[in-house]
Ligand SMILES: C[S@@+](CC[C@H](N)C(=O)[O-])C[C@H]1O[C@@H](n2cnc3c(N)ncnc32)[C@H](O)[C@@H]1O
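A single chain comes next, written as structure tokens; it is the form predicted alone.
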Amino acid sequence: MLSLSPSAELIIWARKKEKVPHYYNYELMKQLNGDKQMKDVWKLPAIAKWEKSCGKHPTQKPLSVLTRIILASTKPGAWILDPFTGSSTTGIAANLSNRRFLGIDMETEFLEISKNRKLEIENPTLAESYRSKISGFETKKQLELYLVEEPKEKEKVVLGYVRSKDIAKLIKQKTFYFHSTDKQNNLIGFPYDLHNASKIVIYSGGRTKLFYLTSYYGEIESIQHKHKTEIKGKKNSITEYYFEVKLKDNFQQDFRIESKKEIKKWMNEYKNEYSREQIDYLPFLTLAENIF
């Protein structure tokens, strides 16, 4: 009986919400296809020997395929999740393309391969060599040159709400908390790129007053999701979970921040982008250029 070896992979491109637009790098894909619109059938080589330098995975995918998918559908600095990461070809392609990555897998053996592959590309010379070997580009230097010239991600700022009576206390704080569940302990759907924010700026107002920006801001060091029992002073809180924002230093004041900015307009833009029903008093994202 004649048996044909499988030589194709099916790629499904979908999005979670109809109203949230997807990103597609049309110009780059056209450039990689001889200046013609990219087709939905790609001819790329199988896995090369150098892609298995840290070990083998039974269903490992070629770096060329994952690199093209990532460049076609994400912006610089984007977070990429692979819930069945295996030996993390997705992660290697993401990191070599200046994207961030989170991988999940149950097999310790494959996670060890993933770890070793990551350690490999932390060597700049080896990383450059791997980029030059990835197929699907017109020249060996095309990927490297494209990444240098690729527009950098705009700096994001997360806006956090504080009651007016508590604003003066901020100058002594190095930690800030966002609720991540509502009063019924339902998880609040914060934007996936909350962790991309580099700064936090405090806003206040509401009720009978207009929302306004305060002059208080902080440089973010880390953001972690925590249960109330892990947070001092919140053990008896109605809210079960919080985002803990740690700052590099205490809150500072920058009087260049104009309090009369169109904060309600930003709220509406945010609600539309993330399909949220309401945002008042909750954290949301905007760009640094809107504020400073």
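On a predicted model such as this, the values are computed, not experimentally measured, just so you know. We number the residues from 1 along the sequence you see.
Another form, the form predicted together with the named molecule, is not on view; read the next lines as being about it.
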Practice item. Find out whether any non-hydrogen atom of residue 59 is located within 4.5 angstroms of the named molecule in the model of the complex, and reply yes or no. Key: yes
Practice item. With heavy atoms only and a cut-off of 4.5 Å, decide whether residue 79 touches the named molecule in the model of the complex. Key: no
Practice item. Classify residue 168 as contacting or not contacting the named molecule in the model of the complex by the rule of any non-hydrogen atom within 4.5 angstroms, answering yes or no. Key: no
Practice item. Give a yes/no on whether residue 210 approaches the named molecule to within 4.5 Å in the model of the complex, heavy atoms considered. Key: no
Point to revise | Answer range among 155-163, 128-136, 98-106, 211-219 for contact with the named molecule, defined in the model of the complex as heavy atoms within 4.5 Å | key: 98-106
Practice item. Have a look at 204, 74, 85, 196 for me and say which one sits with a heavy atom within 4.5 Å of the named molecule in the model of the complex. Key: 85
Review point. Who in 131-146 is close to the named molecule in the model of the complex, meaning a heavy atom within 4.5 Å?
Key: none
